[in-house]
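As a starting point, one isolated chain is supplied in structure tokens, in the form predicted alone.
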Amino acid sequence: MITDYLRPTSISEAFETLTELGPAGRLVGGGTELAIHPPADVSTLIDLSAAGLRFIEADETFIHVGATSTLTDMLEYARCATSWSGVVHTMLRQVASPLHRNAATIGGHLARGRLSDVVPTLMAVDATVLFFDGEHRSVPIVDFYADNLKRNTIVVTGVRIPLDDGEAAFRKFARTTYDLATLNTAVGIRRTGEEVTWARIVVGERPTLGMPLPEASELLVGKPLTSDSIARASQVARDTVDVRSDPRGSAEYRRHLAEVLVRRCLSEIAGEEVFA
């Protein structure tokens, strides 16, 4: 039962409060997750809205997004519509409803770490999560979830998205516009001339969190992006993705979707839209 509500004015104060309270304390960004799934063991909410974390700014290298920036803030930030083929902007337009995006924060979404279109896309563009655990730290988003750092006592302070000449695409399949995806896919590549020098294929809503597929990604590196390389990478994605069944779709259906959506993402990047 919630009995106390605190509003710290700094990151360090929020962290110290969270540390002192232990499981009885919970950080709050937009509160959308808490409204749907109120935790029974939490008595104190720690509101981050006064901690100075609502900002979006870009320098020559990165877009820096503070943790209490909303998904709408990101959607309306011009550089998100141009960097990496505008994939972050494309993805955010498909996340939940406008009212939900107006409240949900990027920090809360990253700390939640499940049922996400956002996380696979940020993985595909090689983003970095920033957090505070007594010291300010940063870690690639892929490692943040692989090492399960979200389970530690930390304050997620933001995310950093590289500004470079990478190309990316995002696709999802859902039953309705505002429903959670049955499966989603995000792909990011970097090319020198026609040759792919870096690639990351990520499949999410399997129905668990985004999963990079290194075997499929590595097939693209060192060669041009062609119909043959796209077909092969898509097939390997289908064969290596870890999926399971739930009410939204069977594991077999999700494997099929993975192949189709990876192929469509890669074909979009290559400039050849594929609808089959």
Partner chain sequence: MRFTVNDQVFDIDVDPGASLLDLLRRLGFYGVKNGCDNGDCGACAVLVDARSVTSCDYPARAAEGKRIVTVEGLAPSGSLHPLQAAFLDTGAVQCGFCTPGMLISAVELLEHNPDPSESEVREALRGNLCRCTGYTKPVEAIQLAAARMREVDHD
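Positions refer to the first chain, counted from 1. As the structure is a prediction and not an experimental result, all values here were calculated from the model.
One more form of this protein should be noted, the form predicted in complex with the partner chain, which is absent from this view; the next part is about it.
Visitor: Which single stretch, out of 88 to 96, 183 to 191, 108 to 116, 129 to 137, brings residue heavy atoms within 4.5 Å of the partner chain in the predicted bound form?
Guide: In short, 88 to 96.
Visitor: Check W198 for me: does it contact the partner chain in the predicted bound form (non-hydrogen atoms, 4.5 angstroms)?
Guide: No - in the predicted bound form, heavy atoms of W198 and the partner chain never come within 4.5 Å of each other.
Visitor: Answer yes if any heavy atom of G249 is within 4.5 Å of a heavy atom of the partner chain in the predicted bound form; otherwise answer no.
Guide: G249: no, not in contact with the partner chain in the predicted bound form.
Visitor: Does A81 make contact with the partner chain in the predicted bound form, using a 4.5 Å heavy atom cut-off?
Guide: No, A81 sits far enough from the partner chain in the predicted bound form that none of its heavy atoms falls within 4.5 Å.
Visitor: Using heavy atoms and a 4.5 Å limit, would one call T32 a contact residue for the partner chain in the predicted bound form?
Guide: Result yes; T32 sits at the interface with the partner chain in the predicted bound form.
Visitor: Name the single residue among D239, D47, E57, E218 that comes within 4.5 Å of the partner chain in the predicted bound form, judging by heavy atoms.
Guide: When the partner chain is considered in the predicted bound form, the option within 4.5 Å is D47.
Visitor: The partner chain is absent from this chain, but in the predicted bound form, do T72, E76 and T177 each have a non-hydrogen atom within 4.5 Å of it?
Guide: Every listed residue reaches the partner chain in the predicted bound form, so yes.
Visitor: Any residue of 1 to 18 with a heavy atom within 4.5 Å of the partner chain in the predicted bound form counts; write them all down in order.
Guide: The stretch 1 to 18, when checked against the partner chain in the predicted bound form, contributes I2, T3, D4, Y5, R7 at the 4.5 Å heavy-atom cut-off.
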